[in-house]
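Below sits a lone chain in structure tokens, taken as the form predicted alone.
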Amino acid sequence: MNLSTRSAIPEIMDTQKVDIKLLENVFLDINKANDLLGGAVITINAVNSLVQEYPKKEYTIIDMGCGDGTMLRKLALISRKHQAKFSFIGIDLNQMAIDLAREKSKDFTEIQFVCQDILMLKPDQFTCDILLCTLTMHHFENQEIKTFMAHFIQLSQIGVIVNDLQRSALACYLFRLFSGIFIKTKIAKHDGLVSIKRGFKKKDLINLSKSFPKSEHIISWKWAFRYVWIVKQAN
């Protein structure tokens, strides 16, 4: 298995249209894996860190590639215990994912969802304090990442939080074992493994960060086989 460079193999979800019921089941598998392996907690902790570092009365948080909105619902529940006011915007290219997110978020008036291609974003369309990109960046090629990260940095007043996969043989091996037990849909099993192969090594993220020398970058490895890349606005 050659993992020296990022794989160019596309994920099924990026190339084929699936019906909404199957999509919902795929998201259930993805969310289950995130919960069991602590992926969501990584983003939540990073958000808490920025909120503590930059105290405000109100925050707007955007989630790029929000899927069915699970991350934003988790953050919204936590934010309701906070003294500050929070509002959330979920953005995804997949209209069916947005429809699912809206259906699942009926009790969350602080969340709104928009169907939008993140590569086509314009800096004057959305503004926020904190911008999230969780398990989305690996879907794109490096040059595309540079394009949308430049937009993300412009959109966010405080910072950008990227949570994505480490590319490693051990991660691939363990995912095969994990998915055989916990993941039901064939698409999630296939795309999960492809995602790891499309993931990142730390040097990849460091090289990408050099495209934005005016920002402060913190790149950290987290269990299970994740990297968190926090880009903060320069003081």
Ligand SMILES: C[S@@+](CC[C@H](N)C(=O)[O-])C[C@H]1O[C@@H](n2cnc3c(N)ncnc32)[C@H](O)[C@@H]1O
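Residue indices: 1-based, along the sequence shown. Because the structure is predicted, anything quoted here is derived from the model rather than measured.
From this point on, the text means the form predicted together with this ligand, which you will not see here.
Option from 81-89, 154-162, 128-136, 99-107 whose residues, in the model of the complex, bring a heavy atom within 4.5 Å of this ligand | Partner-contacting stretch among the options: 128-136.
- Each of 149, 166 and 229 near this ligand in the model of the complex, meaning some heavy atom within 4.5 Å? Result no, not one residue of the spot touches this ligand.
Residue 27 near this ligand in the model of the complex, any heavy atom under 4.5 Å? Contact check for residue 27: yes, within 4.5 Å of this ligand in the model of the complex.
(request) May I ask you to check whether residue 124 falls inside a 4.5 Å heavy atom distance of this ligand in the model of the complex? (result) Residue 124: no contact with this ligand in the model of the complex.
- May I ask you to state whether residue 76 is within 4.5 Å of this ligand in the model of the complex, using heavy atom distances? Residue 76: no contact with this ligand in the model of the complex.
query = So, in the model of the complex, is residue 209 in contact with this ligand at a 4.5 angstroms heavy atom limit?
reply = It does not: once this ligand is placed as it appears in the model of the complex, residue 209 has no heavy atom within 4.5 Å of it.
Heavy atom within 4.5 Å of this ligand in the model of the complex - the one residue of 34, 179, 60, 185 that qualifies
Only one option qualifies, and that one is 34.
Suppose contact means any heavy atom within 4.5 Å; which members of 1-24 contact this ligand in the model of the complex?
Counting only heavy atoms within 4.5 Å of this ligand in the model of the complex, the contacting residues of 1-24 are 13, 14.
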